[in-house]
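Just one chain is shown here, as structure tokens, and it is the form predicted alone.
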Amino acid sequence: MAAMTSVRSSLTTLRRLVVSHRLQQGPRLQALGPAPVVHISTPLTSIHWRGFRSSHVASGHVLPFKLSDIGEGILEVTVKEWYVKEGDRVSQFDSICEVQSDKASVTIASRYDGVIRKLYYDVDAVAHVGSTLVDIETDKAPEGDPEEDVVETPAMSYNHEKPQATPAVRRLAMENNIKLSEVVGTGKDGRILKEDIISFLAKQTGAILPYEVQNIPTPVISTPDTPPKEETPVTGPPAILRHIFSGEDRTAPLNGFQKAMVKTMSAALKTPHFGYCDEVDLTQLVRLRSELKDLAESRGVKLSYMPFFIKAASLGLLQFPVLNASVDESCQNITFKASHNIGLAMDTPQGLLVPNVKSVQALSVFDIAVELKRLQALGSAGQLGTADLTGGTFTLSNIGSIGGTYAKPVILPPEVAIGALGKIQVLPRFISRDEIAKAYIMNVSWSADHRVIDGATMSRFSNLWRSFLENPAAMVLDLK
């Protein structure tokens, strides 16, 4: 007991000496090196005493915010836009970033309240499922499993402050790999115009410079027999104008949708295609649409020809279900689809996408028009979801809306048929008694999987589809 009292007394005295020594030296900042340690040995025990030094330590918990499984077999995504930066404070359900897979765009939302401490990926970088997107410092430890840190919502669910530009301008920027956030808009309210994109591209890759004018001198010919004459200025041939272009080639990685196209088209090469073409007289359908157009617009929908084409295809598939089927990779089994999910090839700022109208066999022409309006709006905004882009059983491509009459469409696996519609042309055609009349003619090009579909089946389906369009009243008997 006496020994312990002696040790405590020695320790108290030593602490007073150290504190007194530090007070005499004044305050100082110890930047590097460990804190001083005093070691006291006694016969009973060995005691360590460590001096204290101050440093700033975060009071919260830094959590790794990981990318969880999005589904559909997606293993990686491309980070398209960050809505936060390091040091920003976020709350639950605040948007963190937008990522893009080969099927859809998805907005990642926060699950925690806290401060963003680190971003792990740059824009256009590829992030893998299970990797950390950001570090978030929270005020308290999270409850539950920290591995499920991502809330996924469709990209269209949030209204973010994005650069204002028309779809055509966005497409021009995407084709040239230009980020709209880096372009200064000169339009109203900062809207980015086509001229802004062209000007930005010229600064990045070089522009056509003024012409170089090269004057070619004209020789003067003289002989001894002719007296010298006063030299007069002679006008030579016009100056040669040469364009000078400065710029460099650049290589860019394929984005998510382009990668999906590579995968799909590579798989399509394994399918033996055969083609079948025909023309359709749409004169009566043009007349019917003109009668229904104002009624449809009064109900909020602009009625095009496409709903009629899709509905006629569905009525034909009821008679020829083999065209609404799919085969497995080894082509040993064929599955006849009960639902007519008819896809429409759509030209969007992200590239070619094929959303589909679900259960067309149960929809009216007006219902199809309403659904097409929704899909086209999402496609123009680049916000088509996975549900809209998957599950198709048959496809139509309206290439005629851009131009062209015939095409050779490529089947989208695992589907077995596809049709390409040309533009509608006004052409002369013979009618009864050898009279010529104006007719609205459209060409159609079909492609089918020759492993399971023969030419006769494709021809009969095309004839039935054409009869519905050439005599729209015939569809009334089979409409549901």
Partner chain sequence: MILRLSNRACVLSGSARLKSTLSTCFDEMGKAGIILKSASTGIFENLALEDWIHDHVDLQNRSILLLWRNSPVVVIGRHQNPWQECNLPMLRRLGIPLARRRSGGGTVFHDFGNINMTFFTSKKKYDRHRNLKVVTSALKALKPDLDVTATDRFDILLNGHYKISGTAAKLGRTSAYHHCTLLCSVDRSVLSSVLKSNTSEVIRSNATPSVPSPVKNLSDVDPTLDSDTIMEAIASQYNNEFGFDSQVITVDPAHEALMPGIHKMSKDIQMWEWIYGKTPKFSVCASLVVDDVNVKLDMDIKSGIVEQCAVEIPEDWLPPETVNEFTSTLNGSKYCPNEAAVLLAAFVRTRSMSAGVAGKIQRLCEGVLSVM
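Since the structure is predicted, the reported quantities are computational estimates derived from the model, not experimental observations. Between two forms, the rigid core is the largest collection of C-alphas that superpose within 1.5 Å. Positions refer to the first chain, counted from 1.
Just so you know, the form predicted together with the partner chain exists too; it's not on screen, but the next bit is about it.
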{"property": "Heavy atom within 4.5 Å of the partner chain in the model of the complex - the one residue of L201, V354, V169, L363 that qualifies", "result": "V354"}
{"property": "Listed residue that, although the partner chain is not shown, lies within 4.5 Å of it in the model of the complex (heavy atoms), from T138, T264, T283, S359", "result": "T264"}
{"property": "Contact flag, D124 vs the partner chain in the model of the complex, heavy atom cut 4.5 Å", "result": "yes"}
{"property": "Contact test in the model of the complex: P414 vs the partner chain, heavy atoms, 4.5 Å", "result": "yes"}
{"property": "Partner proximity in the model of the complex: G385 to the partner chain, non-hydrogen atom cutoff 4.5 Å", "result": "yes"}
{"property": "4.5 angstroms heavy atom contact with the partner chain in the model of the complex for G400", "result": "no"}
{"property": "Among 369-377, 402-410, 77-85, 283-291, the region lying within 4.5 Å of the partner chain in the model of the complex by heavy atom distance", "result": "77-85"}
{"property": "D122 C-alpha relocation of at least 2 Å between the shown form and the other one, rigid core basis", "result": "yes"}
{"property": "Rigid-core frame, C-alpha of N333, shift of 2 angstroms or more between the shown form and the other one", "result": "no"}
{"property": "Post core alignment: S95 C-alpha displaced by 2 Å or more between the shown form and the other one", "result": "yes"}
